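The same protein chain appears twice below, in two forms, each given on its own as structure tokens and labelled structure 1 and structure 2.
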Structure 1
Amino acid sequence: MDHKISRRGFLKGSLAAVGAAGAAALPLPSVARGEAQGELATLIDIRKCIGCEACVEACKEVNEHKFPRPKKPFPTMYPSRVKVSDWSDKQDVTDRLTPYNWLFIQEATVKVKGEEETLTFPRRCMHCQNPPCADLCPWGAARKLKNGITRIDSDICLGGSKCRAVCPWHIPQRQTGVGLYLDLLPSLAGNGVMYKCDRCYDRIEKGALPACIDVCPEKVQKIGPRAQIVREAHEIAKQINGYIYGEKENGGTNTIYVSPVPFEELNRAVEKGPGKPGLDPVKNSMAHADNLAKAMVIAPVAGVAAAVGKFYKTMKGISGEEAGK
């Protein structure tokens, strides 16, 4: 029997039981609403990952209903430098980030205690504490929730890819032929919608764990209040004489990695490129005066734009309902 198919079948059964198991593993509801304990963060212990991709399959399985369903043929874009980005025929790609694959397993062959070893670890959106994608989105489509999750609202995103340009890891990925631009300015707007990990925000709202955490057989990831996660990361790092990534990068993120080797070594060893982020040391991009000024200017405009987008979506939905009567 094909290994991938059998694993997918296993995941379907595992995820069906997530409600009780996930809620029992961590009391999430109050944190999810942004109450008392504040932002959620994820601890990723690189030592534990075996690269099985169970998390990748689970992410795709649970979030499939959020994936783009583009209309073809695509509108011709002006100017012509705005390129089509179409992953609809490559939805099975799992070795990088795409609009249909929000999590992938990265690997690095390095020396651990003098012995060559290949380390594997999940990569996805870092969910920055002060996310430039949300602060600098001119349409207000990207936003940070009170619980520390950053998500892109596909209903109002125009696919301009500003979020990818300002993200230190260039995480968001675009799919052409879907979204609001088709109704507003199909030849002149952003050419699609941007997609990335949203930390299974809808599951967290119900008190369940993100799918990738729930199905992991090695318990590589753990989610909880950020202060607690950072504290545990430092405890592990102290025990193994290890290293931490994400606590201070880009001013602080809600994804905290712990590694037995320096992240500079991991960064040199990983394959980098489109959809394959590195592990560079990243300064706080939103501490830069120009970015702060842009954010202040964009904020009210983005708020109005987002309101217009939501109103347009609502009116379109009402029109669709009336047409169906």
Structure 2
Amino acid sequence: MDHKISRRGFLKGSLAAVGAAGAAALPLPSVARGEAQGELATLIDIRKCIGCEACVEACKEVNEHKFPRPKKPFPTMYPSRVKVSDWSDKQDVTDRLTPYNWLFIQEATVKVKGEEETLTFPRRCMHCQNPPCADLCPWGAARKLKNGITRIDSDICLGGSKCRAVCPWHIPQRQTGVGLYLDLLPSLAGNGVMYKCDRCYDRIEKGALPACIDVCPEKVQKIGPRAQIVREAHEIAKQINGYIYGEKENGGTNTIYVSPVPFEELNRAVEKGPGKPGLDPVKNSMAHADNLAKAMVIAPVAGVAAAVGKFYKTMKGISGEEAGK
């Protein structure tokens, strides 16, 4: 990434601008403010990113108060196959998602217009429109908010990690030794709390921009009502003969990437693994639930029809018997 700009030198200046609590943060654009009813989406223009990681540092800084403070030693968990996930001694890791790093910069060396180039772009939770992590959370800890944010409540999460299993990008990351499970049956159920980008819900509530958007020197990201963001993404894609990711993936997300090269190529070029999501084409994970929900509306009617049918058959039988007497 150093071919782009001096990251550290840049960081100092930009972080000062963000401010720890975001008091000095740039406000949300007026079109996004007061949009309580609608979903907000972000646009990430991959062409613009210089890989400086200012966004990564800003995310850490403003969200530090939400990070886990695990109690050690951790309670022994049974059975022994249950593994501790401890990132508390590796809080500085920035090259993947961790409970202490909700955003990282992914790199892909690809050919852009015949020339080899290393593209960099921020990766974090996509804030799906119908998020399986929240839908399938059995405990009500992960929820989708009306403004399009998917958030895991760290006071309620038990760290079972189901959200990571069902997330197509396996985004949420676990820290053992924190949260509600410690007060329940720490040896037998739960394993900490899951953490991920909450799209700075608290800053958005106050009308400020998410820190990563606010601090970016290249204005790589933009936030606004989803319809407008999608329109803009298409306009850019049209101008540059580019490609879009996140609009349709997993049934639609609130993070729309625009790239000058196809996402299949980026997907092939990025390093994938735990905490390092790929860019696969993702089908709607919750499609089965939508389809089966329709059958659920018909089911009781079918049951009632069967009972009524049986009743008429019995009545006919009785009147037939009476007529035959």
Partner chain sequence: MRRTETRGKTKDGRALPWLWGILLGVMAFSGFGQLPIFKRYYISDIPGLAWSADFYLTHRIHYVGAIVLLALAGYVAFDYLLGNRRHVRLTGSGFVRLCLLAGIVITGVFRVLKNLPDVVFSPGFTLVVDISHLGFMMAYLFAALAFLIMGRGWVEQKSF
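For the two forms, the rigid core is made up of the largest set of C-alpha atoms that agree within 1.5 Å on superposition. FYI, numbering is relative to structure 1, first residue = 1. Only a predicted model underlies this, so the values are computations on that prediction, with no experimental measurement involved.
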{"item": "Chain form predicted alone: structure number out of two", "value": "1"}
{"item": "Residue 307: CA movement between the two structures [superposed on rigid core, Å]", "value": "38.0"}
